[in-house]
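In structure tokens, the next block holds one chain alone, the form predicted alone.
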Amino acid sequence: MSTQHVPEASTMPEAAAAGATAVVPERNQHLRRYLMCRPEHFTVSYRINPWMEPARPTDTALAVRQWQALYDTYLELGHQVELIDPIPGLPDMVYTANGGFVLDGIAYGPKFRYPERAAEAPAFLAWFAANGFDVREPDEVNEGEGDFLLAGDTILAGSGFRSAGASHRELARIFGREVVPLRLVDPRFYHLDTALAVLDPVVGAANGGPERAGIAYLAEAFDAESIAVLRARYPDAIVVDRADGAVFGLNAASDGRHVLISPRATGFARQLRERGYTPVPVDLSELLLGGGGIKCCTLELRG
């Protein structure tokens, strides 16, 4: 994977320590390969999450323009973007993150919770096979990278609303990685990628300390046990406030340096800058009507 280096970091005052100065970490960009789907058939014709209101009009042309801005931003940042063809009658296919989990050249396919999205699964499996991935069909209900996020060598795995807990065991068996279960408790944040973002893949700490993969999360979206796990494993995580979570601020995509986020997540943007990241606002307000944002529209393809 290619890596670019950012300029030497500056320093800034540490608010909590009188006279102390903290060095903003140097952030490195990791070039990615993504799968996206143009929302040519986007609308909200059913309700499978609290964000969806079928009676509220949607503007497909606006959704396409906003999606195009996201696509163009990835290319401008140097990333590679592949496309899967949209299928009439599958308005949520734009949310490609739910189409599988891809790691080490293996594509673990989805098995959607709701019948409204079930027909997407064969299309994603066929795309993976046609593009040279080792395809694994699931036995358990799972919604791909919507609930499975790679943090260094660890897979953080959500459950509670969509992916079944049993899919975590299937995931561990297929990929041979540690899988850390996290339980979601707020229906507004029904996928893990709506409540937690992986910002930097770096893991390990000096003297055998806890993991240091850079993450951000919304504490109120998780049960108490999951919060305890996150605090223990990621003591330096950014904890995002309720207002930024409510505008899907955590449904973000990071390359280790640039973090694409909702322009309404202003507090999160400030927190990112304080940690040396570069927030890149991209407005997907129309696609939020379907309950998805930047990360929902982005599936990482890891060879």
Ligand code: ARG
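Because the structure is a prediction, the values reported are computed rather than measured. Quick note: we count residues from 1 along the sequence shown, nothing fancier.
The following text describes the form predicted together with arginine (ARG), which does not appear among the structures shown.
Engineer: Establish, in the predicted complex, whether 142, 168 and 299 all lie within 4.5 Å of arginine (ARG), using non-hydrogen atoms for the distance.
Structural biologist: No: no residue has a heavy atom within 4.5 Å of the partner.
Engineer: Arginine (ARG) isn't shown here, but in the predicted complex which of 97, 197, 107, 156 has a heavy atom within 4.5 Å of it?
Structural biologist: Only one option qualifies, and that one is 97.
Engineer: Given that arginine (ARG) is left out here, which of 266, 28, 278, 49 has a heavy atom within 4.5 Å of it in the predicted complex?
Structural biologist: The option sitting close enough to the partner is 49.
Engineer: Select, from the options 59 to 67, 41 to 49, 230 to 238, 252 to 260, the stretch whose residues sit within 4.5 angstroms of arginine (ARG) in the predicted complex by heavy atom distance.
Structural biologist: It is the stretch 41 to 49.
Engineer: With the partner left out of view, is residue 79 within 4.5 angstroms of arginine (ARG) in the predicted complex by any non-hydrogen atom?
Structural biologist: Residue 79 lies outside the contact set for arginine (ARG).
Engineer: Find out whether any non-hydrogen atom of residue 190 is located within 4.5 angstroms of arginine (ARG) in the predicted complex, and reply yes or no.
Structural biologist: It does: once arginine (ARG) is placed as it appears in the predicted complex, residue 190 has a heavy atom within 4.5 Å of it.
Engineer: Going by heavy atoms, what in 272 to 293 lies within 4.5 angstroms of arginine (ARG) in the predicted complex?
Structural biologist: Sequence-ordered list: 290, 291, 292.
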